[in-house]
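Starting off, we have a lone chain in the form predicted on its own, written out as structure tokens.
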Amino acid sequence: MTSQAEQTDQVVIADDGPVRVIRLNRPEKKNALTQSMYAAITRALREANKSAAIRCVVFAGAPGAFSAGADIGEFLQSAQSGGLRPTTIEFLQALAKNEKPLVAAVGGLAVGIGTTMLLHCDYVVAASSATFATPFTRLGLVPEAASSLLGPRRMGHARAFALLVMGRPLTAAAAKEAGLVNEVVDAARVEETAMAAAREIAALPAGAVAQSRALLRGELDEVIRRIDTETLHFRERLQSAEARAAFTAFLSRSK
């Protein structure tokens, strides 16, 4: 990225002409998302919305990992405190309310929010080796990021149930067949392919793109309401015996 860049520890924001790239930059943890990362992404999205110069936003990760989901240490702290933190909820709402087209370059592993955030993206490019998984119910929890609404809408109930409830992972090819992914390419070509799509979108008349995108996405209020409902159930589930047992089992395995 050549024009301007901002480094915020584990998130790098770079503007390449009309395309803003938000890069998750915590490779040692497979880009597991922390509260500071959520906050940095939220700021970058809100700034892009206010900028007429930015016409498209690209999410990218590190080779081999897009995002392993929420940071497990912070997630366990959230579980103990009884719910998702405000920074996380702000990120989910910013993702839903984002006005610029979103492209994702998925170079590898996408788990939890690393998968559900893709449901808010308009164009997704995945490496042939990428995998997608949402192990919510295995932890005694429920899906988030409005994925309980957007998943069935995008993939159909059967595929969404297998992914979001049964926790069955998707290969890149299966994700493309399900409608979660637009293109599957070699890992070395993921980012260039995503950037080419972003530049193609950015070259279109911005007003026509914005109105067409809004029509395709449907009622925003419905998505925000679903995020709020999921958050409520998520908080309830964190206090459940099932979740406590799942977290205890997880901690015992990780020791």
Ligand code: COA
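This structure is a prediction, so every number in the text was calculated from the model and none was measured. One rule holds for the numbers: they count along the sequence shown, beginning at 1. Take the two forms, superpose them, and find the largest set of C-alpha atoms that agree within 1.5 Å; that set is the rigid core.
Form predicted in complex with the ligand: not shown, discussed below.
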{"query": "Which of 133 to 141, 154 to 162, 180 to 188, 93 to 101 lines the interface with the ligand in the predicted bound form (heavy atom within 4.5 Å)", "finding": "133 to 141"}
{"query": "The ligand contact in the predicted bound form: residue 72, any heavy atom under 4.5 Å", "finding": "yes"}
{"query": "Residue contact check: residue 109 to the ligand in the predicted bound form, 4.5 Å heavy atom", "finding": "yes"}
{"query": "Contact of residue 225 with the ligand in the predicted bound form (heavy atom, 4.5 Å)", "finding": "no"}
{"query": "Residue 43: touches the ligand in the predicted bound form, heavy atom cutoff 4.5 angstroms", "finding": "no"}
{"query": "Listed residue that, although the ligand is not shown, lies within 4.5 Å of it in the predicted bound form (heavy atoms), from 68, 62, 54, 201", "finding": "68"}
{"query": "Stretch 18 to 47: residues contacting the ligand in the predicted bound form, 4.5 Å heavy atom cut-off", "finding": "28, 29, 30, 32"}
{"query": "Large Cα move at residue 22 between this form and the one not shown, threshold 2 Å, rigid core", "finding": "no"}
